[in-house]
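Have a look below at one chain only, the form predicted alone, in structure tokens format.
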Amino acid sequence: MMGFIWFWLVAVMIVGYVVLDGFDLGVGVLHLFLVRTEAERKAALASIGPVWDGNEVWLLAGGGTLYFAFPLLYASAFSGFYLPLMIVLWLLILRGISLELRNHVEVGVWRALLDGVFGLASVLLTIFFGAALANVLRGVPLQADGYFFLPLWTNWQPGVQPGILDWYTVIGGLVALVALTLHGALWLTIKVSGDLAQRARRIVTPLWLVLAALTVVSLVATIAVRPASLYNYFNYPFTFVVPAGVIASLAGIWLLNRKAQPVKAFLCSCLYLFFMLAGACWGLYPTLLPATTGADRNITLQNAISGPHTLAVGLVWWSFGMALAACYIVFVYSKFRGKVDLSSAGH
């Protein structure tokens, strides 16, 4: 029972990070081509300025929870994925530096450079996060001792000895890039006004069309690469509500954006990300990290979970910590509610 609970608690923290920091990353991607004037750039950054660093804490908290509940998975994944983790770490650092420094530098060329770094780091982070999830769904070449190594790429095929990047993980990266860019565009329609808000709303439609196509492609590709991801759905048919939720949330984004209801459209985008990630987790359960070298080497709940006393005590402290985090989120998002002023880039 504890294994089931902690599996979904970790999943909830991952979903929380993707939903909350996802629009930050999406705004960063849009910062490359949607904004046109300095006032619009400041407004776009001000829309995420009060919350972006708090949103990223969910990534750290998720990693800490993973270490606490599933130490074998943490040890194996964080060593095998060492190269992409270092890339992600540097991208997070560069993104944070560019966000913090651009308003303290009055030289135009440096400000343009920092804007470019912010946008490029955001693009690469979305792609790497999507590819990371695809790597987990596809599986990794786990050895008998529970460890593995992945080069950045091999022959671009998801075989027994794959690389971090292959045709399947690239699809995952593209899904994340488009989904989070759409998420960011919907956030901007809520937080900014004027021409920038109108352009953000108009770009939702083409992004939605691409996302709908990529969602279908990613589903077919996942079934082809890992047919076992369907087992739980057929064993528990009521869980087909998850893919139905993906379809319904996509439809909601389309309809509500056309009706100029940005808050509801944004909430549908949150639901889309939730259902996509929940569906991926359910397709894995009870496996935590599949092995391409044989199912007997899979890292599962049974062989990765901590002791029962540790998990019981941890559940108490986790609940306390999450209650504090929930209060913080409510306070910050209510404190900085409303639209950003384009002229002063303030709330």
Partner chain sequence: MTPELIHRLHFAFTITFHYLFPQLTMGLALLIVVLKSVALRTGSEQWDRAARFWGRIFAINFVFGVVTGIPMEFEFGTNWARFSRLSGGVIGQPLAMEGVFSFFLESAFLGLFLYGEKRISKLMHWFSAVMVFVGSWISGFFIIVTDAWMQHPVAFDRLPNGQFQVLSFWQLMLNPWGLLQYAHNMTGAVVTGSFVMAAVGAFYLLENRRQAYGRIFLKVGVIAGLVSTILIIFPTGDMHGKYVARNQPVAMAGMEGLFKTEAGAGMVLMGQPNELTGQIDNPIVINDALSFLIYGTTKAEVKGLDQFPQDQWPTALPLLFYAYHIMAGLGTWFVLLMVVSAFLLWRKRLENTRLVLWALLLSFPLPYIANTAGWMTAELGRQPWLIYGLMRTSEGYSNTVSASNGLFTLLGFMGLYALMGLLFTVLIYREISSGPEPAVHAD
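Quick caveat: nothing in here was measured; it's all calculated off a predicted structure. Residue numbers count along the first chain shown, from 1.
Note that the form predicted in complex with its partner chain isn't included here; everything after this is about it.
A.B. asks: Pick the stretch from 132 to 140, 163 to 171, 85 to 93, 216 to 224 whose residues have a heavy atom within 4.5 Å of its partner chain in the model of the complex.
C.D. replies: Comparing against its partner chain in the model of the complex, the contact stretch is 85 to 93.
A.B. asks: Quick check: do Leu273, Thr293 and Asp296 each get a heavy atom within 4.5 Å of its partner chain in the model of the complex?
C.D. replies: None of them does, since no heavy atom lies within 4.5 Å of the partner.
A.B. asks: Looking in the model of the complex, any heavy atom of Phe33 within 4.5 Å of its partner chain?
C.D. replies: Although its partner chain is absent here, Phe33 would stay clear of it in the model of the complex, with no heavy atoms inside 4.5 Å.
A.B. asks: Find out whether any non-hydrogen atom of Glu100 is located within 4.5 angstroms of its partner chain in the model of the complex, and reply yes or no.
C.D. replies: Judged by the heavy-atom cut-off of 4.5 Å, Glu100 is in contact with its partner chain in the model of the complex.
A.B. asks: Is there a heavy atom of Tyr74 lying 4.5 Å or less from a heavy atom of its partner chain in the model of the complex?
C.D. replies: Heavy-atom contact with its partner chain at 4.5 Å: present for Tyr74.
A.B. asks: Taking the shortest heavy atom distance, is Leu9 within 4.5 Å of its partner chain in the model of the complex?
C.D. replies: Close contact is absent here: in the model of the complex, Leu9 is far from its partner chain, nothing within 4.5 Å, heavy atoms only.
A.B. asks: Counting only non-hydrogen atoms and a 4.5 Å cut-off, give the residues of 29 to 51 close to its partner chain in the model of the complex.
C.D. replies: Contacting residues: Lys42, Gly49, Pro50.
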